[in-house]
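Taking the form predicted alone, here's one chain by itself in structure tokens.
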Amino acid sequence: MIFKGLEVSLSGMLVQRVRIDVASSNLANSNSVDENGRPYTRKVPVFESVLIKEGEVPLYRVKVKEIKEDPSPYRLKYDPGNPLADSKGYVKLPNVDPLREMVDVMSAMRSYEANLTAFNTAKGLLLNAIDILKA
């Protein structure tokens, strides 16, 4: 029971790390196509809360439920000289918007920092409680 606050903050930091990893992967592949000429599809992490009923006080933790593909349409670019162009001269590009990915990374970083601050505060409270018990 005494470490539950630390576990909740830790689960928040872990999912924010996954969020940053997925956004970074999307940014890295923002101009990629596979060997068949199919553009990269943006990935989106889906989170879920998990109720933990150990002890007297139920707590929620967060975890990554799945990482799914974004169904939004691919970007089209008119480039008739490109070998991947269709009959009308358009090339399909990944559905990754670099600006949206950067905003997602910044938001995940702020959430990570907030969880880290909560973790350090809880740790400090525990250490102060131990010092009081020693005296």
Partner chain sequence: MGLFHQLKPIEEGINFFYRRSEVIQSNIANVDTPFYKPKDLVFERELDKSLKLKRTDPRHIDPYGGEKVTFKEVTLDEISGYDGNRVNLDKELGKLAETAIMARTLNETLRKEIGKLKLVIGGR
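Fair warning: this is a prediction, and the values are worked out from it, not measured in the lab. Numbering follows the first chain given and starts at 1.
Beyond the structure shown, there is the form predicted together with the partner chain, which is absent from this document and is the topic of what follows.
Quick one: find which of 86 to 94, 50 to 58, 28 to 36, 71 to 79 has residues within 4.5 Å of the partner chain in the predicted bound form by heavy atom distance.
Stretch with heavy atoms near the partner: 50 to 58.
When the contact criterion is heavy atoms within 4.5 Å, does residue 24 count as touching the partner chain in the predicted bound form?
Result no; residue 24 lies far from the partner chain in the predicted bound form.
Answer with yes or no whether residue 118 is in contact with the partner chain in the predicted bound form, where contact means some heavy atom within 4.5 Å.
Although the partner chain is absent here, residue 118 would touch it in the predicted bound form, with heavy atoms inside 4.5 Å.
Can you tell me if residue 122 lies within 4.5 angstroms of the partner chain in the predicted bound form, counting non-hydrogen atoms only?
Yes, residue 122 is a contact residue.
Close approach of residue 62 to the partner chain in the predicted bound form, 4.5 Å, heavy atom
Looking in the predicted bound form, residue contacts with the partner chain include residue 62, since a heavy atom lies within 4.5 Å.
Is every one of 41, 43 and 105 in contact with the partner chain in the predicted bound form, taking contact as a heavy atom within 4.5 Å?
The answer is no; none of 41, 43 and 105 reaches the partner chain.
Interface residues of 16 to 31 toward the partner chain, as seen in the predicted bound form [heavy atoms, 4.5 Å]:
Contacting residues: 16, 19.
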